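Before any questions on how it binds or moves, here is one chain, the form predicted on its own, in C-alpha cells.
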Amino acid sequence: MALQQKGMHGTWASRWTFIMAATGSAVGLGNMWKFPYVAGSNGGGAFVLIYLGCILLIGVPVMMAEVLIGRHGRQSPINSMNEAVADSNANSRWRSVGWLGVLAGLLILSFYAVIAGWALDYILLISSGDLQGINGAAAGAAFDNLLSNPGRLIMWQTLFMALCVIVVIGGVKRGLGIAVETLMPLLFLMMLMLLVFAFLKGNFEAAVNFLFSFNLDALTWRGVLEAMGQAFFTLSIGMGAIMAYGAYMPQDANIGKTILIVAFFDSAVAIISGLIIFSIVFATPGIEPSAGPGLMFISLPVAFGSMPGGLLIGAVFFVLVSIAAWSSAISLLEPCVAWLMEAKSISRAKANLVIAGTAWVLGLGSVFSFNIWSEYKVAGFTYFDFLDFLTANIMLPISGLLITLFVGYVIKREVIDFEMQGTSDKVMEVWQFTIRYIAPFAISLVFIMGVYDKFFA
C-alpha cells in the first residue's frame, strides 16, 4: 500500500491557501441568512455556546475525516474514496460514498447558482436607487418581480456559473488558489467595513442582545437539534468539496490544527454577519428579524433604503454575499471536474464546460420553480424544493454519516497514522472517540429530525 500518493491536479501553494479555500467553501448563504436568526430565536448566547460545542464535536471531526481521505487519495472524492477502500481491503460498496458526495454537490450547485444570481441582481438593483425609501410591500413586490421573470433569472444564473468556470478552469494554483487568496481577504475586509457601519449607524446594542443574551428559557431540545444541524451543514461536509480540497493539501500540514482554524473563521463570519444584519434591521422601525430570502431580499433592502448612505452600503453588502456564494460554488464545481478529468482523460477546460453545462441545465428547473412551473408540485414539492430537501435532508447527512463510519471503523489504522502525523496522542484519542460515537449519533439525529419535520411534524 502506497501511503504517499501523487495527484494529477497539484497541491495548494501553502497551508494558508488551503485554509482560505476551505473557509471559502464553508462560508456561504447559510452563514448570513440562517445562522444569525436561528441563534437569536433560540436563546442567543446559550445557542451560540451549544453551536460552538457542536462544531467541535461534529463539524471538526467529520471535516478532518474528509480531508484525511482526500489527502490520502490525492484525486477527486470518487477516486480518493476508491483508493481508501482498496488500501483498507474494505467492501467495494464503500466506494459509493464518493459518488454520493459528488452528486450531492452537483445538485446543490445547480440551484445554488440560481440563488446566487439573486444577489448579483440586487447589486445593480440597490445601486440604481430604485429601493430608496422603499417599504416592505414594495420590497416584496420587487423581489417577486425578479422571481417571476425567468429570462432575468437565467441571465444571472448564467453569469454566476461563468464566473465559477473562469476560476476552476485555471486549476488548483492558477485558478482556485489565486481566487481564494484574493476573494477571502476581500470578503473579510468588506465585513470589517460593514461591521463599522453597523456599529456607527445601526442599532448595534440590539443586535448584540439578540445574538448573545443568555436566555436558557428560549433554548429547547429543538434548538439543540438546530445547533447540531447548523454545525454539520455550515462546514460543507458531505458534498465532496472538502474531500477534494483535502486532496490538494500539503503533506506537512497538520490536519487537526488546520481544520480548527477553518472552523474558527467560518463561525466568526456567521457571528459577524449576524451583528451586521441585525444592527441594520433593528435600526429600521417596523422590520422584524427573520431568516432566509425574506431577510436578505426584502427586510434588508427596506433597511438600506431608509438609512443615510444605505444604498452604497447595501450594494457593498450584496457584493459580499456574492463573493461568499462564489467561493462556495467553485468548491462544488471542482470535485466533479476533477473526476471527469481522471475518468475520461480530458482537459480541465472541457471538463469544466461539461460539468458547468450540466449544472446549468439542471438549474433551469429551479429557475422555473419560481414562475412557470410554480403550480406543478409532487408530494408538496416544487422542483427547487425537492432538490433542496433531497440534498440537505437526505444526501448530505447520509454521506457524512458514512464518512464517519468508514474512518471510524473501516479504514486501516496505518492510513490514519500517516495522514495524522504530528497530532498528539490525546488529540487522536478524542478525535477517534468523537468520530466513532458522538458524530454518528448526532448526524443520525439530524437526519431523522429533518425527515420527520418534513413529513410528520
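As the structure is a prediction and not an experimental result, all values here were calculated from the model. Just so we're on the same page, rigid core means the largest C-alpha set that superposes within 1.5 Å between forms. Counting begins at 1, following the sequence as shown.
If you look for the form predicted together with a small molecule, you will not find it shown, but the lines that follow are about it.
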| item | value |
| --- | --- |
| Full three-residue contact with the small molecule in the predicted bound form, heavy atom 4.5 Å, for N31, M239 and S331 | yes |
| One residue of N352, T234, Q157, S369 in contact with the small molecule, assessed in the predicted bound form (non-hydrogen atom, 4.5 angstroms) | T234 |
| In the predicted bound form, the residue from Y112, F318, W118, W339 that sits within 4.5 Å of the small molecule by heavy atoms | Y112 |
| Non-hydrogen atom contact A26 with the small molecule in the predicted bound form at 4.5 angstroms | yes |
| In the predicted bound form, segment of 250 to 258, 292 to 300, 323 to 331, 125 to 133 with a heavy atom within 4.5 Å of the small molecule | 323 to 331 |
| CA of P397, rigid core aligned, shift of 2 Å or more between this form and the one not shown | no |
| F406: Cα shift of 2 Å or greater between this form and the one not shown (core-aligned) | no |
| Did P61 shift 2 Å or more between this form and the one not shown, C-alpha, core superposed | no |
